[in-house]
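Given next, in structure tokens, is a single chain: the form predicted alone.
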């Protein structure tokens, strides 16, 4: 499975990097696939409501009402129909890309199993919504779908082989059946919205709306498609005839040819096994359980910074339990904690400067506490022997920075770049442990832990607490937000940063020149 993930990442990373150059990271569609999916859904719902106003829910009027909407009202009704069709197809595309990208980035294990598992039923609900929508048009494609679907459903014992009988002749269908189809086509998407809410309920600051520029671009793209290639019906259904050539919508109907060539029971088995595999992927194999963060009440004043910064809603504030003169204390939910360390990086008591007492912070990782981070920092700095030395703090989900070590570059590994308290940068530079500090993390807006890069950038820019102190020379800090397979780029940028440090004078190093972005 790791090989498949690595292969997918090698495909995604160049595309994401190229799109970031074209659109900027804030508008990169790969970083907002889930939000784009929601946007497509809102378009489908809005256009569907409009179409329903003019739709005739009868066996004889369904086809003609869609034709009138498409041709007599082409300037708006036809556009709405095309929006409905192409936004539905867009949902399938971004849903597949979103699933593949989360799998490639290994963001489906541990506490993230819930979002993955609840996302699997979404696939079925989207497909069912699309299929029932095609039925309602009642053209030859709808006839083909209806016959194959009902014959497939009749294999289930709960139906007893009765549904397909309705499609033997033109007189076998009634308006009541179409009313039922309309109900299904409305009810299933409503249940889809509810399932999507469950899908994101555990996600902190879930993004359900993409950037405005992306919304505008998607709307314009759909409008252009609506006029260049409008959504049209195929010839009307006729149960006395067998449909010949059909223009298939492969986004929703890709498995229907299997029903023509495979036994129906085999297709049911294939669908069931595929669904089961998707559901159990988070446990194949089971991810290593990382110890949850722990709170030390002697050093917690209830400031809420750990709650604000946790991407997983794993930290909450509760009434004080130790009698200290603070109203609240932080409490960690172990089942939701991924051990990213962002909370420790946010705690104001996370500082390496303590010498009189042991450096213990208000909230910390038991397997990588702040005192160990200070030890690792000092040991890494001791390995630096070359000129223009750089101490690198690297996120383990970014480039393998350990491969970049040499006489003037030493690396300290972190579970997330935001697990580093800004005071450590001050500590390294003020104690002259290295000539410069480089922060290496995931690509902009593509952080493995969602907000790690964003929080770290805001701390360095003094927009978010705890922020970097004013006295720290910013031109001795470099930030590299790059992908796992961009080792060559990392080497180039670190070499350029080293040359920049070599050219600096002691006086220049004390200026507040801003973080060097490389």
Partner chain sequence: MSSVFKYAGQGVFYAALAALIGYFSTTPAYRHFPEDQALLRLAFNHGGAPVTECRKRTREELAKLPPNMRKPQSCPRGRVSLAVELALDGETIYRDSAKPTGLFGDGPSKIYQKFALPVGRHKIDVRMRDSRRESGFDYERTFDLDLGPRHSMVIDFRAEGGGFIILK
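Because the structure is a prediction, the values reported are computed rather than measured. Numbering follows the first chain given and starts at 1.
Quick note: we don't show the form predicted in complex with the partner chain, though the next part is all about it.
> So, 93, 250 and 260: all three within 4.5 Å of the partner chain in the predicted bound form by heavy atoms, or not?
Replying inline: Each of the three qualifies.
>> Even though the partner isn't displayed, in the predicted bound form is residue 321 close enough to the partner chain, meaning a heavy atom within 4.5 Å?
In response: Outside the cut-off, so no.
> Within a 4.5 Å heavy atom cut-off, is residue 171 in contact with the partner chain in the predicted bound form?
Replying inline: Output for residue 171 is yes: heavy atoms within 4.5 Å of the partner chain.
> Would residue 86 sit within 4.5 Å of the partner chain in the predicted bound form, counting heavy atoms only?
Replying inline: Yes - in the predicted bound form, heavy atoms of residue 86 and the partner chain come within 4.5 Å of each other.
>> At 4.5 Å between heavy atoms, is residue 444 in contact with the partner chain in the predicted bound form?
In response: No, residue 444 stays farther than 4.5 Å from the partner chain in the predicted bound form.
> Which one of 290, 200, 279, 246 is close to the partner chain in the predicted bound form, taking close to mean a heavy atom within 4.5 Å?
Replying inline: None of the other options qualify; the answer is 246.
> What is the one choice in 360, 239, 99, 128 with a heavy atom within 4.5 Å of the partner chain in the predicted bound form?
Replying inline: Among 360, 239, 99, 128, a heavy atom within 4.5 Å of the partner chain in the predicted bound form occurs only for 239.
> Just one of 99-107, 184-192, 268-276, 217-225 has heavy atoms within 4.5 Å of the partner chain in the predicted bound form; which?
Replying inline: Going by heavy atoms within 4.5 Å, the stretch is 217-225.
> Which residues in 325-349 have a heavy atom within 4.5 Å of the partner chain in the predicted bound form?
Replying inline: Contacts from 325-349: none.
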